[in-house]
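Only one chain comes next, encoded as structure tokens, the form predicted alone.
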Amino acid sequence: MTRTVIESKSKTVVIGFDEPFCVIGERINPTGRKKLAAELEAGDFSTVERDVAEQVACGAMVLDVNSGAVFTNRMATDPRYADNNFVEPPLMRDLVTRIQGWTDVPLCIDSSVPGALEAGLEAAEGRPLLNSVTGEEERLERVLPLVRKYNVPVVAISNDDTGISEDPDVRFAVAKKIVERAADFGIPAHDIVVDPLVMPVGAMATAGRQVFALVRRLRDELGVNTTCGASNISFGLPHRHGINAAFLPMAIAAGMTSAIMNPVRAQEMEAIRAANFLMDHDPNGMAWIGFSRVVEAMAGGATFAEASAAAQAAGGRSGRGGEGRRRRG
């Protein structure tokens, strides 16, 4: 059975077909968040600290850390700040170091800049998930050696030098290519988590059916775990949380094992917990029963984050975890 092991210094999370669905919190990302980018430029990490605490309280099992900030004010006096290759490596190192001081939840190091990926890997304790490699030749040659050097799992995104195909067979072929190229570097398939690229259903009516079929193929033919940007399915549509909350259990039933998403959205997290119970990934329904405390507290006027934090303090758990650290080899 495929098991992708992600670790912090003291906590282990396993992504697998017989494991609870792995929620990877997406909030630590300055892309599109001008206020957060401005704070990071000023050396203010208070929003990041709040996002860490809130996501963990709401059930994030892994935290995605994206360093894609634009330092607009500094560019005026130093043109190097217009270059992400200059900005992102030190910022990623700082983010990873700080976040590890606030939580023991494992990390997912996320950047399009190889130098930022390596900076994050150097700063990380344990065995983080690396996000990401694609089927583009230059990306394969830059990222796969890092995966091998640091012995970490990696997200493989199903696009290549030709772009993102609307044909699911092409996206499967790209994923297969990445798995095969990774094997050439000595990277096993269980350390590859494929993102088959979820298309917006508002733009492509068959997007949901496509991804469900593609996830089944990735599980059955390549034996790999899968992930996605969960909110992509509802992009551009009204009442997005309702669509996301329907999509996630259907994807889980098809074999998807993780998603990069916002765990602060109560409706979507409730759907995941219910799906875990129905898929027999929640022994005796204990996590679902524990979640009832959250629902009761919300009925009394608490926010989802407040209710989740209170339930967690009272002994509620959001998923299966373990202690220990795997040595890099």
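Small disclaimer: the values here were computed from a predicted structure and weren't measured. Note that residue numbering begins at 1 and tracks the sequence as displayed.
Keep in mind that the form predicted in complex with a further copy of the same chain is missing from the display, and what follows is about it.
Consider Ala116 of the chain shown here, and say whether it contacts a further copy of the same chain in the predicted complex, taking contact as heavy atoms within 4.5 Å.
No, Ala116 stays farther than 4.5 Å from a further copy of the same chain in the predicted complex.
In the predicted complex, is there a heavy atom of a further copy of the same chain that lies within 4.5 Å of any heavy atom of Thr31, even though the partner is absent here?
Flag for Thr31 set to no.
With the cut-off set at 4.5 Å between non-hydrogen atoms, does Ala123 touch a further copy of the same chain in the predicted complex?
Close contact is absent here: in the predicted complex, Ala123 is far from a further copy of the same chain, nothing within 4.5 Å, heavy atoms only.
So, in the predicted complex, is Thr162 in contact with a further copy of the same chain at a 4.5 angstroms heavy atom limit?
Because no heavy atom of Thr162 falls inside 4.5 Å of a further copy of the same chain in the predicted complex, the answer is no.
Answer yes or no: in the predicted complex, does a further copy of the same chain come within 4.5 Å of a heavy atom in every one of Pro238, Met250 and Ala253?
Every residue of the candidate spot has a heavy atom within 4.5 Å of a further copy of the same chain in the predicted complex.
May I ask you to choose, among Ala271, Val62, Ala69, Cys58, the residue with a heavy atom within 4.5 Å of a further copy of the same chain in the predicted complex?
Looking at Ala271, Val62, Ala69, Cys58 one by one, just Ala271 meets the 4.5 Å heavy-atom criterion.
Of the options Leu144, Ala213, Val105, Val201, which one has a non-hydrogen atom that comes within 4.5 Å of a further copy of the same chain in the predicted complex?
By the 4.5 Å heavy-atom cutoff, the listed residue in contact is Val201.
Quick one: find which of 263-271, 300-308, 22-30, 49-57 has residues within 4.5 Å of a further copy of the same chain in the predicted complex by heavy atom distance.
In the other structure, the partner sits against 263-271.
Check each residue of 255-288 against a further copy of the same chain in the predicted complex and list those with a heavy atom within 4.5 Å, in sequence order.
Counting only heavy atoms within 4.5 Å of a further copy of the same chain in the predicted complex, the contacting residues of 255-288 are Gln267, Glu270, Ala271, Ala274, Ala275, Phe277, Leu278, Met279, Asp280, His281, Trp288.
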